[in-house]
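Single chain ahead, written as C-alpha cells, the form predicted alone.
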C-alpha cells in the first residue's frame, strides 16, 4: 500500500459480479442451526455453552443499554468451515470469511505494538484462508479516550493499525470500519473478508477520515466511510462531524440529526437512496455515551429507517470526548 492513505475515492457503485452476501441479525438467544454461521459477537455475554467449538465467538467490551445480553449473528448462504491463523479465530463459506482476535495488552508491549501485531495476524488469516480482501472491520478498544504515556489510546491504536496497513493492505483505500470504546473486558477486533474488495464510498459532507489533519493524532484513522459489496452496503461508524469538526457539542438530539444527515449523504453517494424504503433490509448499531438516552434518539432513527429495521443500542464511548452518539449501518436488500 502506498505511504499515503489518500488516493481518489470512486463515487459510484461499480458493476460487481454476483456475490454471496452475509446476513446479519441481532438476537437475545442463539438459533438451533449453526451450519451457516460465520461468527457470533456477544454484547454483555460470554461464549454460550451451546455454541459449537468450531464456531468463532468474540465477546465485545460493550453491553446493551437495557442490560440484557445480546448476540450479533453473521451467517452465510452456504455451509461454513472453521479456520484459524495464530491468535485469529474464524470461519469461511464459499464467498466470505469472518475472523476475530483479542487485543491482549501485556506489560512491556506498547498499545501500538499490540494493535500492529493483531492486524498482521489478521492478514496472515486472510492469506491462509484465501479471502484476501477485508471488506469491514469492527474495533472495540477499552478506555478508548484514556491516556497512555501522554497520548490518547485511540491515537495509539491508529498508529498500530496504520503500520499494519502500510505493510500488508493492498487496497488503494482502507475498508469500512468502526472504532468504539468499551467499558469492561478485553479489547477486540473482528472483521469480514471476501475474494473481491468492497467498493469504497465517501461522504461529500466530510473530509475523508484517512485525510484528517494532525490535530487528531500522528496517524489519521484508516477507514472509508462505507463500502459496497455486491448489493450490500456497509456504513462505517458515523457521528456528528462536518468537514472534520464536531458539531453540536453537548446536544444529543442535534448530534443525532447531524449523524443521520451524514448517513443519508453516504447512502445517496452510494447510489442506494431507494434502500431507505426497504426497512427490513437495515440493521444498525447505535453507540450511546449515556445508556439512558435511547428514548431521545429512537424516534428519529425509526422515522428514517422504518419500524422493521433492526436496532441494537450499546453503551459505548465514541472516539472523541465531545461526541455523544455514533451509528453504523448494514443494508442487504
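In this text, all values refer to a predicted model and were calculated from it rather than measured experimentally. Positions refer to the first chain, counted from 1.
FYI, the form predicted in complex with 3-(2-carboxyethyl)benzoic acid (3EB) isn't displayed, but the following is about it.
For the options 76, 122, 169, 177, the one in contact with 3-(2-carboxyethyl)benzoic acid (3EB) in the model of the complex, meaning a heavy atom within 4.5 Å, is 177.
Distance criterion of 4.5 Å from any heavy atom to 3-(2-carboxyethyl)benzoic acid (3EB) in the model of the complex singles out 221 from the list 181, 200, 160, 221.
Only one of 127 to 135, 86 to 94, 106 to 114, 151 to 159 places residue heavy atoms within 4.5 angstroms of 3-(2-carboxyethyl)benzoic acid (3EB) in the model of the complex, namely 151 to 159. Although 3-(2-carboxyethyl)benzoic acid (3EB) is omitted here, in the model of the complex none of 255, 264 and 330 has a heavy atom within 4.5 Å of it. With a 4.5 Å cutoff on heavy atoms, residue 319 counts as touching 3-(2-carboxyethyl)benzoic acid (3EB) in the model of the complex. With a 4.5 Å cutoff on heavy atoms, residue 188 does not count as touching 3-(2-carboxyethyl)benzoic acid (3EB) in the model of the complex; it lies far away. Taking the partner from the other structure, 3-(2-carboxyethyl)benzoic acid (3EB) in the model of the complex has no heavy atom within 4.5 Å of any heavy atom of residue 228.
Proximity of residue 80 to 3-(2-carboxyethyl)benzoic acid (3EB) in the model of the complex: non-hydrogen atoms within 4.5 Å are absent; the residue sits far from the partner.
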